[in-house]
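In the form predicted on its own, a lone chain appears below as structure tokens.
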């Protein structure tokens, strides 16, 4: 009685194993059959293994994995070794990427890769500035000395006689002095895809931004002393070209509140309330200067064709309002007014503009100055979050050292103010140490050496 259940269990296990083997055999047979039919349909015979004699499905018959399911390519041997070696050093990311690109595909040993990384690291450390280097003095010399070779000239912009832009030493002085408005503010405006190819579309954008005043569309303006009134004769063709009508012009003049305004033919008659000669003269200037259309500050716009697209160059600048004009590519807009860039786009954009403008001035004069000197000047000007000039009202005038401020300009005023406020000078800079006759804290002067003598005197 006790043997029966064990025998039944054994027979059950045997039947299960038999069914499993049969199922596996059927699956294999199905796989072979599908492979052979696929190969036949493609006109190819299934390959036979040399040793076993079994048929193998062709490689071309295997379905390709979709891109999303494919695993990311494994790292090469060189990359793996480089990653382990570079973990010891603090190299910049751009240098690491270059190393991997240069060594990719090369048959190098681990020792060779280790030597490459060591040489790269040592070259990088040598390229860094040394402790105690007079970075500011070198930058000042590098920008100041070529400044003496500059010409005092203006440049006609984009070959157009009406538009010119200040270059050379005057422009460099404007940048370093952080002038709020440059002497010749200009903007370079690129158009969007809809407007950049067609000249007519470009002219539409010009009509939106170019400032049109009464003086631009008036043939003449006269003062009739008998009737005590101004007669403004409008040029009909120019007004039509600028999409302006007489009623709109008359309403715009009425807003000045200079007197009664009426339209007769192509003329607008303005009857002022006053007859005093001085006030009449001022009224005439106000009427002529009245802006009818366009953006404030932009006097003239010139269209130039560059690389199969139309580009607009403006005489005058107003970045904040131009950004909202339809047809302008806002990603490529540029102005040479650095203070406007700081107000609209922020201090980082202003820093980049200072670097670009200053380097462009030096480059156009054929002066080879390393851009890192210009970057240092731009960093110093914008480090506080506002644009500061390099002068007594900016960088030099805000130094913590009393003697350094006094050595630059208005010596007596700085010394008196410092004495009145009881200021102290820590003598940490170059100028103040020169004044008191101490070694300057640069180069070997930055090292402080201490010696400890033994008690017995040996």
Partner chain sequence: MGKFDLLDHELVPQFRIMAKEEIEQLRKSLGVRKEDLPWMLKSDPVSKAIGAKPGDVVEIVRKSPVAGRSVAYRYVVPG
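Note that this is a predicted model, so its numbers are computed, not measured. Positions refer to the first chain, counted from 1.
Unshown form predicted in complex with its partner chain; subsequent notes refer to it.
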_Partner-contacting position among 141, 151, 109, 94 - heavy atom within 4.5 Å of its partner chain in the predicted complex_ = 94
*Among 308, 198, 275, 384, which has at least one heavy atom within 4.5 Å of its partner chain in the predicted complex?*
384
*Out of 279-287, 259-267, 292-300, 85-93, where are the residues with a heavy atom within 4.5 Å of its partner chain in the predicted complex?*
85-93
*Give a yes/no on whether residue 211 approaches its partner chain to within 4.5 Å in the predicted complex, heavy atoms considered.*
no
*Is there a heavy atom of residue 102 no more than 4.5 Å from a heavy atom of its partner chain in the predicted complex?*
no
_its partner chain contact at residue 356 in the predicted complex, heavy atom, 4.5 Å_ = yes
*Using a 4.5 Å heavy atom cut-off, state whether residue 348 contacts its partner chain in the predicted complex.*
yes
